[in-house]
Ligand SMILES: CC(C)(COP(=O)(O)OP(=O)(O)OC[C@H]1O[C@@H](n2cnc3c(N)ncnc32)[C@H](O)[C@@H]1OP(=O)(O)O)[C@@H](O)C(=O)NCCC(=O)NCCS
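Here we start with a single chain on its own, the form predicted alone, put down as structure tokens.
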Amino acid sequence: METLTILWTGRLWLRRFTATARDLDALASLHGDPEVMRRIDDGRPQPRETVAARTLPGILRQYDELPPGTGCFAVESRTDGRFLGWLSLRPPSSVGLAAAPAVGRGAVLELGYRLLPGAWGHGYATEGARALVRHAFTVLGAEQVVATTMTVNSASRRVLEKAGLTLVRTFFEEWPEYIEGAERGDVEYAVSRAEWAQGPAAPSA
């Protein structure tokens, strides 16, 4: 566990994914859940074979390609080891975000998360997001953390706000396929290191 763990909170472990059947099963269950995927990409669940051939290998490859301490991390309960989903901290890549350096002067990192429905409503996303924002500023030296979500995704917006991010703008993009709520656009949230240091999310989780 020690070599894979990126950080932990009161209730959660955040660790690297591995090329194991256990992690493949966990990731396939998450990306294959219709409720999880209804407002992501094309709104469709990912088949297990896609997760095995592309999604998990892509996550593993990023541990070597991205700056140390960034990437996509499995979220597990410290109580029983249950897989809850993932949280990520990576160079900005979502549609609508400007490219930015991930290290050095002006470094910007993008926060992301995806949890199983059984983990919704328990504060896990907020707890993990706060920990990753703190990690971005205190360990990785980022100058800003950004995130996007659909305007209609009120639950994700609350998580971002509780993690210390504030609304920057609403924007509209052309998507290949319609997803419910797309007509209301997407929103960008952000927090700078200085803003975070002065806010209530700054104390250690």
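A residue's number is simply how far along the shown sequence it sits, counting from 1. Computed from a predicted structure; not experimentally measured.
The following text describes the form predicted in complex with the named molecule, which does not appear among the structures shown.
- Contact with the named molecule in the predicted complex, defined as a heavy atom within 4.5 Å, holds for exactly one of S156, Q46, T70, Q144, namely S156.
- Among V108, A74, L115, A131, the residue placing a heavy atom within 4.5 Å of the named molecule in the predicted complex is L115.
- Of the candidate stretches 60-68, 47-55, 157-165, 135-143, only 157-165 has residues whose heavy atoms lie within 4.5 Å of the named molecule in the predicted complex.
- Although the partner is absent from this view, A119 contacts the named molecule in the predicted complex, with a non-hydrogen atom inside 4.5 angstroms.
- In the predicted complex, no heavy atom of I179 sits within 4.5 Å of the named molecule.
- None of the heavy atoms of S88 is located within 4.5 Å of the named molecule in the predicted complex.
- The named molecule in the predicted complex is approached by G123, whose closest heavy atom lies within 4.5 angstroms of it.
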